[in-house]
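First, one chain by itself: the form predicted alone, in structure tokens.
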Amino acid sequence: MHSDTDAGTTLNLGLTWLNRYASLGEEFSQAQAAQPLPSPYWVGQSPSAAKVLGLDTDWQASGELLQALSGNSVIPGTNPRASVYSGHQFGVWAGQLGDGRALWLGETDTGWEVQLKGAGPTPYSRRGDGRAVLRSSIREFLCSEAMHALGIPTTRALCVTGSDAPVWREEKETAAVVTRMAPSFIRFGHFEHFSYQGETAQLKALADFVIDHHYPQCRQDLAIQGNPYAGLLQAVSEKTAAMVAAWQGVGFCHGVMNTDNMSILGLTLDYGPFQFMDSYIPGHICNHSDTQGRYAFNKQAQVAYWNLYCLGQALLPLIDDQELALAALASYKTVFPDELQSRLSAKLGLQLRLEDDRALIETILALLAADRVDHTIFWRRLTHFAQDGVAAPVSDLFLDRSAAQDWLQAYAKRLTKEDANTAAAVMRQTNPAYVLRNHLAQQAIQQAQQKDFSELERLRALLDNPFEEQAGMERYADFAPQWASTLEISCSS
């Protein structure tokens, strides 16, 4: 690795670091060195993420990079920092939070910010050790990349490195570091922090930074009554609506939708407790710590709006007009249902929008819920039904087969109004054969804890192409085993 401090710093892997967020100053983030991790080793890597970041094809062969991405050395040109933010957690104001175990390395000229998650304590660790454990690191790595392959806005994960260094959670575990990437890691909570502190100048500097670098249209086309900050709120509302609708379409549950876990770019952020549902249960709670069910699957859309309202409150000193802020938020209430219907219509292969489509969708969702039908398997089998017309594999999923058969007849009739080839193609690219079920992640974790990373890599590669059924991989598309229902994922995960 080498640097050229005069012309922007380059790595021998081809990266140039810009580090624009650091230019905001010490009030926004503080310089922080990583804590070394003894004897690190590679756990998993994403070729797809490496490619978009701009790394050379043999990047994972670099022992020097392994050390750097484990926090044992500084990559020339980076500016390791931890940022401050605040937030509402489970609906309650939690005050100052911040990057407690995430270290921002910098931003590349390819448009990606890079973080090390688990690289040791920061000024915002709140008496924590700043470490991540292997199991949660593997879950974040796999799900980040799986969500990207599903076409859902998300942060990315370049790699996981591990170490035998002990980390104590409910029991002794081993340490790991996730290298994750995003165009920006700025959260709703960053804005809340400065707004609640009454630091309007810093709030404005942050908002201007986000608009200038990520939402320049908010100074022109999206400005509401000439107000760019109202335009920003509207743009974030619409991106968030699209993201949550995408979650609903694949049965994804985000278990900790606190405002400090909400991305200003509408990206799925912070993979702690999460789950792709097995059985379709609208009220499913994936986070064992969520005793009140605040973040249940069927409450995600409502909670996202509540979080946006908090963001609106934080931006109000800049918008300076409550009615204008409410008007900006109102777009969520039209974009979300429209995006959700589009997602569900695509799952049915419907390109036209006809009057009875909503009833068709509502009926099948009610039937799925009543019989707790496997979400992913139903939609994939329906994809085959749309192609071959064989109803039994679909109706056999239901206890009430008669009701299912009646619905399939109505659905088949509706499909005749669509181009058959187009409908089938849309469904094949909308209804995945494979998702990251909890038991699949758990099996990969258990093997990785024995330093066997073959299952992790097999699963990563499979989930990189989730819409194509692959020979010999039938078990990954099968029903979850009975023991999967006993898995508990909590905030410590």
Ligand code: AMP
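Treat the numbers as computed from the prediction; the structure is a model and nothing was measured. From 1 onward, residues are counted along the sequence shown.
The next section is about a form of this same protein that is not shown, the form predicted together with the named molecule.
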Is Gly128 close enough to touch the named molecule in the model of the complex, meaning at least one heavy atom pair within 4.5 Å? yes
Review point. Does the named molecule come within 4.5 Å of any heavy atom of Arg380 in the model of the complex?
Key: no
Discussion item. Whether Arg139 contacts the named molecule in the model of the complex should be assessed with a 4.5 Å heavy atom distance threshold; does it?
Written reply: no
Would you check, heavy atoms only and a 4.5 Å threshold, whether Gly87 touches the named molecule in the model of the complex?
-> no
In contact with the named molecule in the model of the complex (heavy atoms, 4.5 Å), from 210-218, 92-100, 289-297, 393-401, is stretch 92-100
Heavy atom within 4.5 Å of the named molecule in the model of the complex, from candidates Asp278, Glu107, Asp270, Glu145, belongs to Asp270
As a check of understanding, the residue in Asn79, Gln387, Asn261, Gln248 with any heavy atom within 4.5 Å of the named molecule in the model of the complex should be identified as Asn261
